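Read the single chain below, which is given as structure tokens and is the form predicted alone.
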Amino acid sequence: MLHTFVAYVEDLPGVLTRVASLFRRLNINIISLTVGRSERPGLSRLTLVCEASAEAGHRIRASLYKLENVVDVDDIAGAPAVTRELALIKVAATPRNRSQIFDLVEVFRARIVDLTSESLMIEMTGVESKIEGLIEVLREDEGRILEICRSGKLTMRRGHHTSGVLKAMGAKTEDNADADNEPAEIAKERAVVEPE
């Protein structure tokens, strides 16, 4: 089962090392990892995809909560969400096959972002299967693909807002607005760490 964890982490050195070490200790392979600035000052948004059982998913989420510098964690596996990935693909292009590549890019709703006499660069944003489809077609002509650079998956829940987002929208929230989404073991840990 694929799990997608979205975590808000403090923007400090060593945080990614702690996250990677946790997955190494649990002997779980990270399929995709994307980190960038978030809507919260001083916090980065980390999106991590891994394959694990449902039971292991709860254990991973609880373990992520325990890590220093991790502020919030959400496992959105199976939840309605929008997922996108970015790919830059550099392909060999000559005056003879350039128009064919332009037509292919148009079909896949990608775009050309760089063009030289020997190559061109395609930028494509979409779901993983769509990007894989373009790469597969480009690979039919051996030697056409020169380089591929892909981001990890970026995922956001549909219609679900954390207390931080609701506060930014001006909605009234309680400090424990996300408590219903926490597994019981995490709620207990928070009660011990943050007594009322």
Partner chain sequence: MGTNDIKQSSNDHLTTPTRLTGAEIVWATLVGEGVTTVFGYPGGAILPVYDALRKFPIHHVLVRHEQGASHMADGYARASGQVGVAMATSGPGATNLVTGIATAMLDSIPMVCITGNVSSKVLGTDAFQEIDITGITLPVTKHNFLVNRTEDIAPALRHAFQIAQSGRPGPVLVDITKDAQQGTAIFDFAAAKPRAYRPHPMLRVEDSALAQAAELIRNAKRPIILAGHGVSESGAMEQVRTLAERAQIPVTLTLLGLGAFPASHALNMGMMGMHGEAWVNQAIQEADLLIACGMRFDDRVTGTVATYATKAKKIHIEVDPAEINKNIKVDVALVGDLREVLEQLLPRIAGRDGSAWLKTIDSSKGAAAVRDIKNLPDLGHLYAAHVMHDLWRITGGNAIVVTDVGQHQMWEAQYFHHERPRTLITSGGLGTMGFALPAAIGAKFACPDKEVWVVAGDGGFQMTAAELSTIVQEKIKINIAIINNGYLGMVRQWQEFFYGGNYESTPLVSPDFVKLADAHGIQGRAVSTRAQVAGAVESARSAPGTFLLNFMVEKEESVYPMIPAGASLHEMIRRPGHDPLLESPDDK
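Residue numbers count along the first chain shown, from 1. No experiment lies behind these values; they were computed from the predicted model shown.
There is another form of the same protein, the form predicted in complex with its partner chain; it is not shown, and what comes next is about it.
- 4.5 Å heavy atom contact with its partner chain in the predicted complex for all of 3, 5 and 6: No, the candidate spot makes no contact with its partner chain.
Flag residue 71 as yes or no: does it have a non-hydrogen atom within 4.5 angstroms of any non-hydrogen atom of its partner chain in the predicted complex?
Contact with its partner chain, yes.
request  = With heavy atoms only and a cut-off of 4.5 Å, decide whether residue 61 touches its partner chain in the predicted complex.
outcome  = Answer yes; at least one heavy atom of residue 61 falls within 4.5 Å of its partner chain in the predicted complex.
- Contact of residue 66 with its partner chain in the predicted complex (heavy atom, 4.5 Å): Looking in the predicted complex, residue contacts with its partner chain include residue 66, since a heavy atom lies within 4.5 Å.
Practice item. Report the stretch among 31 to 39, 144 to 152, 52 to 60, 125 to 133 that approaches its partner chain in the predicted complex to within 4.5 Å, counting heavy atoms only. Key: Residues of 52 to 60 come within 4.5 Å of the partner.
Residues of stretch 3 to 31 in contact with its partner chain in the predicted complex (4.5 Å, non-hydrogen atom): Contacting residues: 10, 17, 18, 21, 24.
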